[in-house]
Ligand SMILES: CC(C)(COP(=O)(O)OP(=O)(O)OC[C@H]1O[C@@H](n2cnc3c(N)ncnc32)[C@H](O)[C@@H]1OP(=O)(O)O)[C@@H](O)C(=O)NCCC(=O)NCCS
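First, one chain by itself in structure tokens, the form predicted alone.
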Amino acid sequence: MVALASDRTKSVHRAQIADLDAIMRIERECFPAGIRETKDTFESRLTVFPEGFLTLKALDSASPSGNSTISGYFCSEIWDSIPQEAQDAYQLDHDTGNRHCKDGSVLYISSFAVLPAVRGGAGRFLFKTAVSHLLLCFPSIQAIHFIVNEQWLAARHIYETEGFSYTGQIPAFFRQQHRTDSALIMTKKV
């Protein structure tokens, strides 16, 4: 499998069906119960828009042979426009097939996660590589759009320094066992 980008310790590749178990491990480690998405959702995303589903392979420092393992993922879809009705448009586990429009103008980042053990530059590397790759492959994209939990300060820092702006809020979107957090809507014109 050819890497879309790489350096000495990490590389970005298109996701494969065989990667789903590793992706679900990342989902479990990065997101609390109540806001995790299902394996069926990720499989649908991979089937509907495989070009928009990428994985990060990072050098496993615990491996004596220096193997790299899937340590992050980035999945997206292309929408024809930014939705006006915020709450219903962004549901977790939504059906990608109902919204994806390959010739649309909005890249929607549906999920993005990197294992805590490899953070410290790996997340930004994956994010920038994925966005650059998709903008190159789909020149009709005019905006990038997504939601982020208001409490995820490290993720928000990446997005802010990459030029994204806050364009809305969905109160009590992320419902966990003992609390609810708002989703912040972020957008960047291309």
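None of these values were measured; they are calculated from a predicted model. Each residue number is its position in the shown sequence, starting from 1.
Form predicted in complex with this ligand: not shown, discussed below.
- Remark: none of the three candidate residues (Ile17, Gly52 and Ile70) comes within 4.5 Å of this ligand in the model of the complex, counting heavy atoms only.
- This ligand in the model of the complex is not approached by Arg28, whose heavy atoms all lie more than 4.5 angstroms from it.
- In the model of the complex, Val148 approaches this ligand with a heavy atom inside 4.5 Å.
- Looking at Ala154, you'd find a heavy atom of it within 4.5 angstroms of this ligand in the model of the complex.
- Ala89 falls outside the set of residues with a heavy atom inside 4.5 Å of this ligand in the model of the complex.
- Checked against this ligand in the model of the complex, the residues Val131, Ile141, Ala122, Leu59 give one hit for a heavy atom within 4.5 Å, which is Ala122.
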